[in-house]
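First, one chain by itself: the form predicted on its own, in structure tokens.
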């Protein structure tokens, strides 16, 4: 599947109708999501025929992108039941197969299922300090091959240091810097849209070596 085709399909997905600020629910736009998964597959072969988990899947954008790029099995995980309902509808609309699990990431346990690749757009930790670190730590415990994640560029040094020193990553590489368009979703937003610089990371757990 070509990049533009993937971006077009993701652009038609339903998004949050009533986002929850305490969960930092922001949609992962089709531009970023398509490039994230396309890079994971075409540069590293981490999607096609792999078992992929979408952590904090929200409306399912990253997980659905993985299915469209030929993942063998995709699991979307989120603590919010309403988000999972939208994600399930999105998967049905595109006629792709995904499984969904309602669970807090920090309590996540997989039994009998090996996850090759984790993809995620975690909370940036602006409302709940350290939320991004909980996601990264959990992802590196679960993934057998690689973790792809978005984090604010301003946290780059902190993310790399924590991944390598504390979370058992053997490598932590920024693949590119992207602009994340944050729409005016909440009452405290004064502008119609805010652009945030984010890094697309690829982490490799030590056991994958």
Partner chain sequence: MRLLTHNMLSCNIKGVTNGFPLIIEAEKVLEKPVDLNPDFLRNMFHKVEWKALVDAAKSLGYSELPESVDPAMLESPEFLHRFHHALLELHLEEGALVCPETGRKFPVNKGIPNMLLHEDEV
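Numbering follows the first chain given and starts at 1. All of these numbers come straight from a predicted model, not from anything done at the bench.
Although not depicted, the form predicted in complex with the partner chain is the subject of the following passage.
Within this chain, residue 137 is remote from the site of the partner chain in the predicted complex, having no heavy atom within 4.5 Å. Although the partner is absent here, residue 100 lies within 4.5 Å of the partner chain in the predicted complex, judged by heavy atoms. The closest non-hydrogen atom of residue 75 lies within 4.5 Å of the partner chain in the predicted complex.
Put simply, residue 133 is far from the partner chain in the predicted complex: not one heavy atom of it is within 4.5 Å.
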